[in-house]
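There is one chain below, alone, in C-alpha coordinates, taken in the form predicted on its own.
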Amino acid sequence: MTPAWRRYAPALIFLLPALVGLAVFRLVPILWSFVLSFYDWQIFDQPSFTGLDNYIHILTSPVSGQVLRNTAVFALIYVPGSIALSLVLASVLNNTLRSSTFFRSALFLPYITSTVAVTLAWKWIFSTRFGLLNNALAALGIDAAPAWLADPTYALPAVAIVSIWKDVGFYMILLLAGLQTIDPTYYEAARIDGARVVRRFFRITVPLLSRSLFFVLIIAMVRSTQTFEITYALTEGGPNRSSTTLAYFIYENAFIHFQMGYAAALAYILCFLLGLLTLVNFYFRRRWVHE
(Lines give C-alpha, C1' and ligand atoms only; values in the text may rest on other atoms or scores of the structure.)
Protein backbone atom coordinates (compact mmCIF):
# COMPACT_ATOMS: atom_id res chain seq x y z
CA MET A 1 0.00 0.00 0.00
CA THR A 2 1.31 3.44 -0.99
CA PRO A 3 2.16 5.67 2.00
CA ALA A 4 -0.13 8.65 2.45
CA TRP A 5 2.63 11.22 2.00
CA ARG A 6 3.49 9.76 -1.43
CA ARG A 7 -0.10 9.96 -2.59
CA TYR A 8 -0.44 13.60 -1.54
CA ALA A 9 3.11 14.70 -2.39
CA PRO A 10 2.32 15.86 -5.98
CA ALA A 11 -0.64 17.92 -4.78
CA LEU A 12 1.44 19.46 -1.99
CA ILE A 13 4.22 20.34 -4.42
CA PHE A 14 1.78 22.18 -6.68
CA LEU A 15 0.18 23.90 -3.68
CA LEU A 16 3.51 24.89 -2.13
CA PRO A 17 3.97 28.23 -4.00
CA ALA A 18 0.46 29.36 -3.03
CA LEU A 19 0.95 28.22 0.59
CA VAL A 20 4.30 30.00 0.85
CA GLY A 21 2.78 33.17 -0.59
CA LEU A 22 -0.14 32.91 1.84
CA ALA A 23 2.19 32.48 4.78
CA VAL A 24 4.65 35.22 3.80
CA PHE A 25 2.23 37.87 2.58
CA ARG A 26 -0.84 37.11 4.72
CA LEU A 27 -0.26 35.12 7.90
CA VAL A 28 3.09 36.65 8.90
CA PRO A 29 1.87 40.28 8.48
CA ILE A 30 -1.32 39.48 10.42
CA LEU A 31 0.65 38.01 13.33
CA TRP A 32 3.31 40.72 13.19
CA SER A 33 0.73 43.52 13.21
CA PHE A 34 -0.91 41.95 16.27
CA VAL A 35 2.43 41.92 18.08
CA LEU A 36 3.12 45.46 16.86
CA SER A 37 -0.15 46.71 18.37
CA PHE A 38 1.46 46.36 21.82
CA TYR A 39 4.42 48.56 20.86
CA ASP A 40 5.08 52.24 20.27
CA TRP A 41 6.94 52.38 16.95
CA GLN A 42 7.48 55.31 14.59
CA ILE A 43 9.33 53.38 11.85
CA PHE A 44 12.69 55.09 12.28
CA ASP A 45 12.80 54.72 16.08
CA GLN A 46 13.38 51.62 18.14
CA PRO A 47 10.10 49.88 19.05
CA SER A 48 9.23 50.09 22.74
CA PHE A 49 6.80 47.75 24.44
CA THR A 50 3.80 49.60 25.88
CA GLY A 51 1.40 46.77 26.63
CA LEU A 52 -2.25 47.75 26.30
CA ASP A 53 -1.54 51.49 26.13
CA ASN A 54 -2.51 51.74 22.44
CA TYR A 55 -5.85 50.05 23.06
CA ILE A 56 -6.53 52.13 26.17
CA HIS A 57 -5.74 55.30 24.25
CA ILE A 58 -8.16 54.29 21.47
CA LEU A 59 -10.97 53.71 23.98
CA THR A 60 -10.33 56.94 25.91
CA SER A 61 -9.24 59.42 23.23
CA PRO A 62 -11.88 61.95 22.09
CA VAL A 63 -10.49 61.80 18.54
CA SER A 64 -10.81 58.03 18.22
CA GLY A 65 -14.26 58.28 19.83
CA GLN A 66 -15.31 60.73 17.11
CA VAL A 67 -13.89 58.43 14.45
CA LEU A 68 -15.80 55.44 15.81
CA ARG A 69 -19.00 57.49 15.85
CA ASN A 70 -18.37 58.58 12.27
CA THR A 71 -17.88 54.96 11.26
CA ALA A 72 -21.14 53.96 12.96
CA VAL A 73 -23.07 56.82 11.32
CA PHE A 74 -21.59 55.98 7.93
CA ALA A 75 -22.60 52.34 8.35
CA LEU A 76 -26.13 53.34 9.38
CA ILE A 77 -26.47 55.36 6.16
CA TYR A 78 -24.60 53.03 3.83
CA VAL A 79 -25.89 49.57 4.80
CA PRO A 80 -29.68 50.20 4.82
CA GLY A 81 -29.41 52.60 1.87
CA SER A 82 -27.43 50.16 -0.27
CA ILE A 83 -29.63 47.16 0.53
CA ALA A 84 -32.94 49.00 0.07
CA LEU A 85 -31.93 50.63 -3.21
CA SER A 86 -30.37 47.48 -4.65
CA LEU A 87 -33.45 45.44 -3.69
CA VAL A 88 -35.78 47.90 -5.42
CA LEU A 89 -33.60 48.01 -8.54
CA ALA A 90 -33.28 44.22 -8.67
CA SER A 91 -37.05 43.82 -8.34
CA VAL A 92 -37.72 46.34 -11.13
CA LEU A 93 -35.16 44.80 -13.49
CA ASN A 94 -36.13 41.19 -12.81
CA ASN A 95 -37.67 40.60 -16.24
CA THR A 96 -36.69 39.51 -19.73
CA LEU A 97 -37.02 42.87 -21.49
CA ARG A 98 -34.08 43.98 -23.63
CA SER A 99 -34.00 47.34 -21.91
CA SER A 100 -33.43 45.57 -18.57
CA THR A 101 -30.11 44.20 -19.83
CA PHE A 102 -28.97 47.72 -20.70
CA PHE A 103 -29.99 49.14 -17.31
CA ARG A 104 -28.35 46.25 -15.44
CA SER A 105 -25.09 46.94 -17.23
CA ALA A 106 -25.40 50.71 -16.70
CA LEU A 107 -26.04 50.30 -12.97
CA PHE A 108 -23.18 47.83 -12.57
CA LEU A 109 -20.73 50.07 -14.46
CA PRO A 110 -19.89 52.40 -11.50
CA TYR A 111 -18.77 49.40 -9.45
CA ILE A 112 -16.04 48.48 -11.95
CA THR A 113 -15.09 52.08 -12.73
CA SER A 114 -11.97 53.59 -11.16
CA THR A 115 -12.84 54.86 -7.69
CA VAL A 116 -10.69 57.97 -8.09
CA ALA A 117 -12.36 58.87 -11.41
CA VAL A 118 -15.81 58.37 -9.90
CA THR A 119 -14.94 60.43 -6.84
CA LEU A 120 -13.51 63.32 -8.86
CA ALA A 121 -16.73 63.45 -10.87
CA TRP A 122 -18.78 63.54 -7.68
CA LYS A 123 -16.45 66.18 -6.24
CA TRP A 124 -17.47 68.42 -9.11
CA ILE A 125 -21.16 67.54 -8.58
CA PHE A 126 -20.89 68.52 -4.90
CA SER A 127 -18.94 71.72 -5.61
CA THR A 128 -20.44 74.68 -3.73
CA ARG A 129 -20.36 77.32 -6.49
CA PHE A 130 -20.11 75.40 -9.75
CA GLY A 131 -21.48 71.99 -8.79
CA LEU A 132 -24.27 70.35 -10.72
CA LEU A 133 -26.24 69.57 -7.55
CA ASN A 134 -26.30 73.10 -6.16
CA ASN A 135 -27.11 74.53 -9.60
CA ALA A 136 -30.05 72.12 -9.84
CA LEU A 137 -31.23 73.20 -6.38
CA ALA A 138 -30.91 76.84 -7.38
CA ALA A 139 -33.03 76.16 -10.47
CA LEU A 140 -35.70 74.81 -8.11
CA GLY A 141 -35.60 78.03 -6.09
CA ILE A 142 -33.35 76.78 -3.27
CA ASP A 143 -30.65 79.45 -3.06
CA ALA A 144 -29.23 78.50 0.35
CA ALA A 145 -27.71 75.25 -0.90
CA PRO A 146 -25.19 73.69 1.51
CA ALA A 147 -21.45 73.44 1.02
CA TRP A 148 -21.59 69.67 0.80
CA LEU A 149 -17.91 68.88 1.27
CA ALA A 150 -16.98 71.88 3.43
CA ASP A 151 -19.78 71.60 5.99
CA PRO A 152 -19.24 69.08 8.83
CA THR A 153 -22.97 68.33 8.80
CA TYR A 154 -23.04 67.16 5.17
CA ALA A 155 -19.53 65.83 4.49
CA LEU A 156 -20.06 62.33 5.89
CA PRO A 157 -23.50 61.85 4.24
CA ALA A 158 -21.95 63.00 0.95
CA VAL A 159 -19.27 60.31 1.23
CA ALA A 160 -21.98 57.75 2.05
CA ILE A 161 -24.05 58.79 -0.98
CA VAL A 162 -21.11 58.32 -3.32
CA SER A 163 -20.29 54.96 -1.75
CA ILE A 164 -23.88 53.77 -2.14
CA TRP A 165 -24.00 54.96 -5.76
CA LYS A 166 -20.79 53.12 -6.56
CA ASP A 167 -21.62 49.80 -4.87
CA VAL A 168 -25.37 49.46 -5.39
CA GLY A 169 -24.94 47.83 -8.80
CA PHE A 170 -22.90 45.00 -7.29
CA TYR A 171 -25.51 44.28 -4.63
CA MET A 172 -28.24 44.53 -7.26
CA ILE A 173 -26.61 41.76 -9.32
CA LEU A 174 -26.40 39.50 -6.26
CA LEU A 175 -30.05 40.06 -5.38
CA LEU A 176 -31.09 39.69 -9.01
CA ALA A 177 -29.48 36.24 -9.07
CA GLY A 178 -31.51 35.35 -5.98
CA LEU A 179 -34.73 36.69 -7.48
CA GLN A 180 -34.34 34.52 -10.55
CA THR A 181 -34.37 31.38 -8.40
CA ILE A 182 -37.88 32.14 -7.06
CA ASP A 183 -40.58 30.03 -8.69
CA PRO A 184 -42.98 32.33 -10.64
CA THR A 185 -45.94 30.13 -9.63
CA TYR A 186 -45.85 31.71 -6.16
CA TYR A 187 -46.60 35.11 -7.70
CA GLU A 188 -49.27 33.67 -9.98
CA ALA A 189 -51.06 32.02 -7.05
CA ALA A 190 -50.87 35.22 -4.99
CA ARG A 191 -52.15 37.29 -7.92
CA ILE A 192 -55.12 34.94 -8.34
CA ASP A 193 -55.87 35.31 -4.61
CA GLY A 194 -55.98 39.08 -5.05
CA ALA A 195 -52.65 40.02 -3.44
CA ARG A 196 -51.39 43.40 -4.62
CA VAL A 197 -47.83 44.23 -5.66
CA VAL A 198 -46.70 45.51 -2.25
CA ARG A 199 -48.17 42.50 -0.44
CA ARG A 200 -46.55 40.08 -2.90
CA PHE A 201 -43.23 41.87 -2.39
CA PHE A 202 -43.23 41.59 1.41
CA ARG A 203 -44.94 38.18 1.64
CA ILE A 204 -43.14 36.35 -1.18
CA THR A 205 -40.10 38.22 -2.48
CA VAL A 206 -38.48 39.26 0.80
CA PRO A 207 -38.89 35.90 2.63
CA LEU A 208 -37.69 33.81 -0.33
CA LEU A 209 -34.82 36.22 -0.93
CA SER A 210 -33.73 36.27 2.72
CA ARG A 211 -30.61 34.15 2.16
CA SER A 212 -29.38 36.50 -0.57
CA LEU A 213 -30.28 39.49 1.61
CA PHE A 214 -28.28 38.04 4.49
CA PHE A 215 -25.25 37.56 2.22
CA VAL A 216 -25.54 41.13 0.94
CA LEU A 217 -25.97 42.41 4.51
CA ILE A 218 -22.69 40.82 5.62
CA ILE A 219 -20.79 42.18 2.60
CA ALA A 220 -22.28 45.66 3.02
CA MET A 221 -21.38 45.74 6.71
CA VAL A 222 -17.79 44.81 5.96
CA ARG A 223 -17.49 47.36 3.16
CA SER A 224 -19.03 50.10 5.33
CA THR A 225 -16.03 49.89 7.67
CA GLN A 226 -13.46 49.78 4.86
CA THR A 227 -14.23 52.98 2.98
CA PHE A 228 -10.97 54.71 2.19
CA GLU A 229 -10.50 55.73 -1.45
CA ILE A 230 -13.70 57.77 -1.64
CA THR A 231 -12.99 59.50 1.67
CA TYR A 232 -9.40 60.23 0.64
CA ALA A 233 -10.30 61.68 -2.76
CA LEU A 234 -13.49 63.48 -1.70
CA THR A 235 -12.81 65.07 1.71
CA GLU A 236 -9.49 63.72 3.07
CA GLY A 237 -11.35 63.11 6.32
CA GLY A 238 -12.43 66.70 6.78
CA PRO A 239 -13.65 69.15 7.62
CA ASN A 240 -12.62 68.88 11.27
CA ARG A 241 -12.53 65.07 11.00
CA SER A 242 -16.27 65.03 10.37
CA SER A 243 -15.86 62.43 7.60
CA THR A 244 -12.92 60.49 9.04
CA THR A 245 -13.88 56.85 9.42
CA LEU A 246 -11.87 54.06 10.98
CA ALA A 247 -10.21 52.84 7.77
CA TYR A 248 -9.03 56.35 6.88
CA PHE A 249 -7.90 56.93 10.49
CA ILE A 250 -5.74 53.79 10.28
CA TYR A 251 -4.12 55.09 7.09
CA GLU A 252 -3.60 58.53 8.64
CA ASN A 253 -1.84 57.17 11.72
CA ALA A 254 0.24 54.63 9.80
CA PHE A 255 1.41 56.59 6.75
CA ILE A 256 1.11 60.24 7.74
CA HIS A 257 1.99 60.24 11.47
CA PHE A 258 3.96 56.96 11.24
CA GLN A 259 2.39 55.65 14.46
CA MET A 260 2.59 52.04 13.35
CA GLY A 261 1.77 50.47 16.71
CA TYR A 262 -1.27 52.68 17.20
CA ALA A 263 -2.45 52.00 13.63
CA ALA A 264 -2.07 48.24 14.18
CA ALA A 265 -4.18 48.49 17.35
CA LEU A 266 -6.83 50.41 15.40
CA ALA A 267 -6.83 47.71 12.75
CA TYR A 268 -7.44 45.02 15.35
CA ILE A 269 -10.21 47.08 16.94
CA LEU A 270 -11.79 47.20 13.48
CA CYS A 271 -11.30 43.44 13.07
CA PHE A 272 -12.89 42.80 16.48
CA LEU A 273 -15.91 45.00 15.70
CA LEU A 274 -16.45 43.29 12.35
CA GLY A 275 -16.20 39.87 13.94
CA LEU A 276 -18.64 40.84 16.69
CA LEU A 277 -21.18 42.25 14.23
CA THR A 278 -20.89 39.17 12.03
CA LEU A 279 -21.50 36.86 14.99
CA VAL A 280 -24.54 38.91 16.02
CA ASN A 281 -25.93 38.67 12.49
CA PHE A 282 -25.38 34.93 12.37
CA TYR A 283 -27.09 34.59 15.76
CA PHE A 284 -30.22 36.42 14.54
CA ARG A 285 -30.02 34.75 11.13
CA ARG A 286 -32.22 31.84 12.20
CA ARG A 287 -35.04 34.23 13.08
CA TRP A 288 -35.47 35.90 9.69
CA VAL A 289 -33.62 33.84 7.10
CA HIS A 290 -35.85 31.20 5.51
CA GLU A 291 -34.00 28.05 4.53
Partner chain sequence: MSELTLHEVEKRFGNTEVLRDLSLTVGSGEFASFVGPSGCGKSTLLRIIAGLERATTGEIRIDGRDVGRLEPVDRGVAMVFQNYALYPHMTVRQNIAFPLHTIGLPRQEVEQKVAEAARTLRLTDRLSHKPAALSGGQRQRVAIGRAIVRDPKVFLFDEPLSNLDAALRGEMRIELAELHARLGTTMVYVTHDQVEAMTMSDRIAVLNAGRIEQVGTPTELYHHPSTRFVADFIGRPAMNMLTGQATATDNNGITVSIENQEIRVPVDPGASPPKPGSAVTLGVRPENVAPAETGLRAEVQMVEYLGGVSVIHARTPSGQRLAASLPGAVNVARHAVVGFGFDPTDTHLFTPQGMAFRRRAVAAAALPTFLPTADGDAS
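Positions refer to the first chain, counted from 1. Since this is a predicted model, take the numbers as computed values, not measurements.
Heads up, the form predicted together with its partner chain isn't pictured, but that's what we're talking about next.
Under a 4.5 angstroms non-hydrogen atom cutoff, its partner chain in the predicted complex has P207 among its neighbouring residues. Residue contact check for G141: none of its heavy atoms lie within 4.5 Å of its partner chain in the predicted complex. Its partner chain in the predicted complex is approached by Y186, whose closest heavy atom lies within 4.5 angstroms of it.
Interface residue remark: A195 is counted as part of the site for its partner chain in the predicted complex, having a heavy atom within 4.5 Å.
The chain is drawn here without its partner chain; in the predicted complex, the stretch among 163 to 171, 109 to 117, 211 to 219, 187 to 195 whose residues come within 4.5 Å of it by any heavy atom is 187 to 195.
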